[in-house]
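Before any questions on how it binds or moves, here is one chain, the form predicted on its own, in structure tokens.
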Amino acid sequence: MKVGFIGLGLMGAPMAANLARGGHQLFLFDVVRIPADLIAAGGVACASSGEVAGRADVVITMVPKTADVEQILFSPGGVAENLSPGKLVIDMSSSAPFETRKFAERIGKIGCEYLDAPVSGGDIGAREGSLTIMVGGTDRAFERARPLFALMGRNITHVGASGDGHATKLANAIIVGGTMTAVAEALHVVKLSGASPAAVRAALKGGFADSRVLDLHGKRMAERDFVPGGPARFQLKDMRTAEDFAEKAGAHLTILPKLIEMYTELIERQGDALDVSAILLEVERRTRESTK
């Protein structure tokens, strides 16, 4: 396929690279830079998102926020103005579900299809093509995009209509944030007791406490490796979007506000260039503060 890819950061670049290795022609745009390896693999650098939409049959966006998606799609000279009927737009960012449904309606009026297909799995999953992909949209659009998804992920689920993919990603953000903090607190308390966090993590694997978070991020915590695979600022952004979504949906949540408070304080004190597993630092800080 002729595939446009807009947003070539920590996640987008390796996802696009997997599409190139799968034999697809890529048309590329990013506001910062287009990685040289994607050009070497045959990708075509474009001057704007509008040019991408004009040259590709499928346009993928992978950018930080809902507002960025809206700007790319509907700003003057952007994607929507350069689409022709029959094309497919796939938003693989983490966006707000209710706004996504409006985007899908506007793209549909042009005669094009729209999927929301956010991902989970971090930079490792993006490089390995092992992402979890949660898709909202029509059956027809999903089947059309399935060969592309198969190059980027392993667990690919069509969860429902437009917006449902992003709703699933927000559920993911709540679970990951809660599990990440629980793992941090667990490894922190065992360290204070004199046990080895690495040994405790190994002992817990395979039991009911086991999870992908314990496996990958528990290892980071035990080794105190907080160079980002998945930046803490992205986790906070997704949880704030989830909180807004919950409010609009009429849900009262108790755990999520506490998680947002902790990640906000982590970033305010430690900066935004740390991995999501650095929540351990905030857990440790709170212990120090409580014992003063």
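One rule holds for the numbers: they count along the sequence shown, beginning at 1. Between two forms, the rigid core is the largest collection of C-alphas that superpose within 1.5 Å. Keep in mind that what you see is a predicted model, and the values were worked out from it rather than measured.
Absent from the display: the form predicted together with another copy of the chain. The rest refers to it.
K.L.:
Heavy atoms within 4.5 Å of another copy of the chain in the predicted bound form: which stretch among 199-207, 142-150, 67-75, 105-113?
P.N.:
Heavy-atom contact with the partner occurs in 199-207.
K.L.:
Kindly confirm or deny that Thr157, Val176 and Thr179 each have some heavy atom within 4.5 angstroms of another copy of the chain in the predicted bound form.
P.N.:
Verified in the predicted bound form; spot residues all in contact, yes.
K.L.:
Note which of Ala80, Leu88, Ala222, Val213 lies within 4.5 Å of another copy of the chain in the predicted bound form, where distance is taken over heavy atoms; exactly one does.
P.N.:
Here the answer is residue option Val213.
K.L.:
By the heavy atom within 4.5 Å rule, which residue out of Leu259, Val58, Leu266, Leu38 makes contact with another copy of the chain in the predicted bound form?
P.N.:
By the 4.5 Å heavy-atom cutoff, the listed residue in contact is Leu259.
K.L.:
Since only the chain is shown here, I'm wondering whether Ala246 would be in contact with another copy of the chain in the predicted bound form (any heavy atom pair within 4.5 Å).
P.N.:
Judged by the heavy-atom cut-off of 4.5 Å, Ala246 is in contact with another copy of the chain in the predicted bound form.
K.L.:
My question is simply whether Ser193 lines the interface with another copy of the chain in the predicted bound form - judged by any non-hydrogen atom within 4.5 Å.
P.N.:
Taking the distances in the predicted bound form, the answer for Ser193 is yes, it comes within 4.5 Å of another copy of the chain.
K.L.:
Determine whether any heavy atom of Ala47 comes within 4.5 Å of a heavy atom of another copy of the chain in the predicted bound form, and answer yes or no.
P.N.:
Looking in the predicted bound form, residue contacts with another copy of the chain do not include Ala47, since no heavy atom lies within 4.5 Å.
K.L.:
Might Thr132 be said to contact another copy of the chain in the predicted bound form, defining contact as any heavy atom within 4.5 Å?
P.N.:
It does: once another copy of the chain is placed as it appears in the predicted bound form, Thr132 has a heavy atom within 4.5 Å of it.
K.L.:
Output the sequence-ordered list of residues from 247-266 with at least one heavy atom within 4.5 Å of another copy of the chain in the predicted bound form.
P.N.:
Counting only heavy atoms within 4.5 Å of another copy of the chain in the predicted bound form, the contacting residues of 247-266 are Ala249, Gly250, Ala251, His252, Leu253, Thr254, Ile255, Leu256, Lys258, Leu259, Met262.
K.L.:
2 Å or more on the CA of Ala20 between this form and the one not shown, with the rigid core superposed, yes or no?
P.N.:
After core superposition, the displacement of the Ala20 C-alpha between this form and the one not shown stays below 2 Å, so no.
K.L.:
After a core superposition, would you say Ala161 shifts its C-alpha by at least 2 Å between this form and the one not shown?
P.N.:
It does not reach a 2 Å shift.
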